[in-house]
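Here are two versions of the same chain, shown separately as structure tokens and labelled structure 1 and structure 2.
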Structure 1
């Protein structure tokens, strides 16, 4: 079942991370994505993981939500780790068979990359976990406001991105319901070869596409009935203001990236 997937969901709260300006949280997320790929040694990666743990604790979210966010990427994580494990050479050879060889350097590379991917996904998930769809839309629009000079439809782009993100949990729930309905009718989706399993997905994908188009049409009608005509002349009930905690958060991220760069210069890289 897919009801354990939490990507795109918002969990209300009153933690420090929830109270941060949404623009700052978007910038912090983008900077953290870059920061995860900056370190070339265990010390820098440890700083990234420590920052992530501190952010999770400040968000006051259950740890099981963070683990659920990693569930969809487990196949990719395992596949990437195996590639690095058996195809990265160097160090002491532990096992060898044909073109496959397991070395100590391969194990280190697999572990390093796996931790990096886990930190990347978990850190990115905190943005949607602690930021509501409306606040996310306003923040994206404010950050992309300079693009209005070159006639970019900033509001429409921000609205589309937020709606797409918002409907991920809805589509996951709808898929789970369709799968349960098909299994109740005797559909077998878990046995047989690869092609048989792909063929078994057809009765799921067709109703899912129909349901998605129906939801999109209903949403468009609802927005037209409320006289929505884009961002022109639109006002906001809640204005975005940056406070001391927002500037401290940005300063902490700058210090984190700066520390990683210094460690890259003075510490021997892992890979």
Structure 2
């Protein structure tokens, strides 16, 4: 029933984007999110889109995946575009009906915003498509390290995330098993009204909670047995190294944002 579930949306591969240091990828994503909001003219936005297209091509991901990541935001996209179309006024009025005015300026604003949102979502989805969950939490831990100064338990947070991710498939399997067992005892989960169906979940949720707690105790015990005592003095098997391509990627991003700022100064804004 729940076979073949994928955790997160990691799409394994060996492209340039896959091989980038995960820390760099997180930083690039954060920068890119800011970058799409920097340009005030078409040239700047064009640069952002070009950067995105280059990144998608370098990732060698099937284009279908990128479109799939855009699907859930489609309603938001349409809503904001419509709102902009009718709220922003200026330029030539194309159509009028009561309080609704459709102007050329409104259309431009709507298109501008829609492209921004698409670039934003597609760009950030590249991060999760090309980075495995463990690499992601690892990188997060390293990037959040400065927060230790203000007593944020960085290592513990990262460990919690890793454990949570690790146990999702286990939990799915367990749910499957318990569901089968209760169905074998005649549990009826497919019929009845809402209330009846919610009640039918009790025989599944209770054993699931019980086993989650049991698993947590067992894991804690196993970690204690191996003398786990938090992040202090802990070394890692996979060290993260910044290579030439990582610095180049950061440089490209710096150039992108720099270029956008320059364009903002010299080109008249569209909005």
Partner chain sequence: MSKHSPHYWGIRMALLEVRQLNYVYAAGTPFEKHALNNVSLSVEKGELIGVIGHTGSGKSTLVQHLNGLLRPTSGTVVLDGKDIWENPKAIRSVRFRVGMVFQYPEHQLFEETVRRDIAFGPRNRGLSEEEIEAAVKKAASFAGLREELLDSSPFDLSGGQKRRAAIAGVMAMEPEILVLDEPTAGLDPRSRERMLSRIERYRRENGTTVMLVSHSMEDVAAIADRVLVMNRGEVAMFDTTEAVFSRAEELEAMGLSVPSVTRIFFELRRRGYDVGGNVYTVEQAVARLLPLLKRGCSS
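Take the two forms, find the largest set of C-alpha atoms that superpose within 1.5 Å, and that set is the rigid core. Note that the structure is a prediction, hence the values are computed from the model and not measured. Numbering follows the first chain given and starts at 1.
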Pair member that is the form predicted together with its partner chain: 2
CA of residue 136, rigid core aligned, shift of 2 Å or more between the two structures: no
Residue 62 C-alpha shift between the two structures of 2 Å or more, rigid core reference: no
Rigid-core frame, C-alpha of residue 104, shift of 2 angstroms or more between the two structures: no
Shift in Å of the residue 213 Cα between the two structures [rigid core superposition]: 10.7
